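One chain follows as structure tokens, the form predicted alone.
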Amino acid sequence: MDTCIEKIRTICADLLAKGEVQKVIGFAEGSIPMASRPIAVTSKDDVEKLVFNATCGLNLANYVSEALPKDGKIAVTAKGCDSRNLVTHMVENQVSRDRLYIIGIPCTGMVDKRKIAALFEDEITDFIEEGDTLTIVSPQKKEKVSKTDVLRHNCRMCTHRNPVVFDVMAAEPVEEQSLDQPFADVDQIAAMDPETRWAHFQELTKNCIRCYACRNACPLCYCPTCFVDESSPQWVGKGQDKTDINTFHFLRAFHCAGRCTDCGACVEVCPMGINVRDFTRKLNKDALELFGWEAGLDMEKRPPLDVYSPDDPDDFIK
């Protein structure tokens, strides 16, 4: 990982020194362990702030369009899911390819910080990643765990660990995963009877505080005005009515249908620990089975629900 970080810094310093890009979007260390944060670097003297490790779970495609200067290019470090969302941004005319310099980063997954925190009764003071071994330290103990054992669920299910589009790679590509049952979690929910399934989603959202962190972290949520903020007409109430909470989650999920890359940023930022992916995973499965479509893999095609074809599946029409 240190070699990858040094390569990222070297590439970025060279790009900024030559004026080929005006800024770099990447990750920096946070103020506490396991809290890597997005950063915009504009000087080669600041590239030492750039890092990459198994805690860089946010999707940097979310920051690209607002970071673009009026003229010129920016660079962005992109793991597999980041690059797929960049492709979607290009397809949906949020950014043009010639304005981006993409530094590809092969990724073996991000850690589930809640899983790690559950191993300790006190505050974590240090986090060290050495290959597949993680060393986590608190005032009371020092724990070594396998990274594989504490991966986020979306990373366990990821079959596109390498960037799908890039200008340069910061490391050699990693082996892609092949899964026998990529949607076992979806099938488990689908097997429930309607009443049990409804109870599952009611339980899922019962602690939602409508902070919209999931929306704000999502690289697909870039409507000028979100439907929850509309006042004329008002689609969703502003309070904590359960119907309004459910409406927000259901409509946001359908808005992402055929576009979601399952990057997990929504789950990463939820302060209540809600597995928001339960809303989008079924839609990802449907897009794959009905249209043979996975988001962000083809810069020449639009998402299936964004276009019309006479041979679209229509068995659901009664």
Partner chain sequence: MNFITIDKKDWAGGIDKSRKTYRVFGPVQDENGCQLKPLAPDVYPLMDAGVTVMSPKSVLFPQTEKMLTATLDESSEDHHIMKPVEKDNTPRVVLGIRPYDARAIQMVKLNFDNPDYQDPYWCEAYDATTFVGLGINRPDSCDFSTSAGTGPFSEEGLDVLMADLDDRYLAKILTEKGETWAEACGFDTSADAAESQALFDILRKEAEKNITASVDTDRLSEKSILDLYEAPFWDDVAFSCINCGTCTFVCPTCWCFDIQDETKHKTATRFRNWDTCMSPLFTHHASGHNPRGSKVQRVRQRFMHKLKYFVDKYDQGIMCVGCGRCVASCPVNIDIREVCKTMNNYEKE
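Model, not experiment: these values are computed from the prediction. Residue numbers count along the first chain shown, from 1.
Note that the form predicted in complex with the partner chain isn't included here; everything after this is about it.
**Q** In terms of non-hydrogen atoms within 4.5 angstroms, which of the given stretches 90-98, 161-169, 142-150, 216-224 touches the partner chain in the predicted bound form?
**A** It is the stretch 216-224.
**Q** Counting heavy atoms only and using a 4.5 Å cut-off, do 85, 102 and 292 all touch the partner chain in the predicted bound form?
**A** No, the candidate spot makes no contact with the partner chain.
**Q** With the partner chain left out of view, choose which of 129, 229, 176, 185 has a non-hydrogen atom within 4.5 angstroms of it in the predicted bound form.
**A** Checked against the cut-off, the match is 229.
**Q** Counting only non-hydrogen atoms and a 4.5 angstroms cut-off, does residue 210 reach the partner chain in the predicted bound form?
**A** Yes, residue 210 lies within 4.5 Å of the partner chain in the predicted bound form.
**Q** Is residue 72 close enough to the partner chain in the predicted bound form to count, meaning some heavy atom within 4.5 Å?
**A** The answer is no: residue 72 has no heavy atom within 4.5 Å of the partner chain.
**Q** Contact between residue 63 and the partner chain in the predicted bound form at 4.5 Å, heavy atoms?
**A** Flag for residue 63 set to yes.
**Q** Consider residue 53 of the chain shown here, and say whether it contacts the partner chain in the predicted bound form, taking contact as heavy atoms within 4.5 Å.
**A** Contact check for residue 53: no, nothing within 4.5 Å of the partner chain in the predicted bound form.
**Q** Pick out the residues of 265-279 whose heavy atoms come within 4.5 Å of the partner chain in the predicted bound form.
**A** Contacts from 265-279: 269, 271, 272, 273, 274.
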